[in-house]
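Coming up is one lone chain in structure tokens, specifically the form predicted on its own.
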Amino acid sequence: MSKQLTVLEPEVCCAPLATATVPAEAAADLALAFKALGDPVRLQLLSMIASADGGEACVCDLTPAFDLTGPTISHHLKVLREAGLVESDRRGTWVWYRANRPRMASLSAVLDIAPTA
């Protein structure tokens, strides 16, 4: 049984960590996304998807890049999807993935270091 996640919209979250305290709900949401990125395979998958020509990648092109089984790759993609980092749709036999760029931008923004005065 998988957890049902509430992914916050980018405008909901957050000021950079160095400028304001992150609210509890936002912290829980951010932690899920950062946890998903804490695995090297998932980080590589997201990078491959985000940098793919046309902005999307077929699972059929992602799987051969790893020395892992198809079900293991599918699990990693599911974790990325549940964290709101990728979106997917089925086209015939294959599933195509695209990066959720606003979600990635919100993660980047919270880590932004504000200039010190």
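From a predicted model like this one, the values you see are computed outputs, not experimental measurements. Just count from 1 along the sequence shown to find any residue number.
Beyond the structure shown, there is the form predicted together with the DNA, which is absent from this document and is the topic of what follows.
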Is there a non-hydrogen atom of residue 87 within 4.5 angstroms of a non-hydrogen atom of the DNA in the predicted complex? no
Is residue 71 a contact residue for the DNA in the predicted complex, using a 4.5 Å heavy atom cut-off? yes
Counting only non-hydrogen atoms and a 4.5 angstroms cut-off, does residue 108 reach the DNA in the predicted complex? no
Within a 4.5 Å heavy atom cut-off, is residue 56 in contact with the DNA in the predicted complex? no
Which of the residues spanning 83 to 107 lie within 4.5 Å of the DNA in the predicted complex, based on heavy atoms? 90, 92, 93, 94, 95, 97
